[in-house]
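Just one chain follows, in the form predicted alone, and it is written as structure tokens.
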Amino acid sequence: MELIPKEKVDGTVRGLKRKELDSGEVLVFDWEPKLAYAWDDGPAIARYLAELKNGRIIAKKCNKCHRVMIPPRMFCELCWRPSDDWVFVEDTGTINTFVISNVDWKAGRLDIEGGVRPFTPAVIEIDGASRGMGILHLIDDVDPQKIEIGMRVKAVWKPPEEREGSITDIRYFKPVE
């Protein structure tokens, strides 16, 4: 699709005609910007990711409202004050909500009849964190139809040599037996 810029004529805006662009009456140039994006994870998420690489989950505590927040934050959004202590939490939790997704990450339909398993992302309230605090991750090692809200789950970690300081250092969560 080709966009045609607009110009002002007598205080009004009108679209340019193709012949004006093609004839050279209007200055036109092609330019592809070289955009580089960087994400600064900040001190709370940086520590969180570093601890995931070490096979541990860390949170931040607010000593005023006594919340343990995961993912960790440098301030408490309820008290509007800096958070206080770093605390390690468990790699177990409870499914708060989930979905059985029959589409892949690119929004393409999965071949379920051909044996491809659906994705099952869930919000998991992590043990040791405050109620309602958790992370979004995948559930696996269970028939998706047997997943339930309230189900207890445990993290399945990548081997230490494969971890890179990412949420994917936890491969998925599986039901606790």
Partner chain sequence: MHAHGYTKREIAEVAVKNKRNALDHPSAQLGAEITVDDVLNSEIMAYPVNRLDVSPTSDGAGAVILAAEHVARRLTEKPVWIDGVGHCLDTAYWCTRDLYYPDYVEVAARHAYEMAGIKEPDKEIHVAEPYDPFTYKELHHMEGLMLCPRGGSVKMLTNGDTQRDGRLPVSPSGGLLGVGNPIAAAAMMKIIEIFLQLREEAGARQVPGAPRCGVAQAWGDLMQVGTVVVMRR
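Predicted model, so just to flag it, every value in this text is computed and none were measured. Residue numbers count along the first chain shown, from 1.
One more form of this protein exists, namely the form predicted in complex with the partner chain; it is left out here, but the text below deals with it.
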{"property": "Residue (of C62, I70, L52, I139) lying close to the partner chain in the model of the complex, criterion heavy atoms within 4.5 Å", "result": "I70"}
{"property": "Touches the partner chain in the model of the complex: H66 (any heavy atom, 4.5 Å)", "result": "no"}
{"property": "Contact flag, W86 vs the partner chain in the model of the complex, heavy atom cut 4.5 Å", "result": "no"}
{"property": "Contact label in the model of the complex: C79 to the partner chain, heavy atom within 4.5 Å", "result": "no"}
{"property": "Heavy atom of I135 within 4.5 Å of the partner chain in the model of the complex", "result": "yes"}
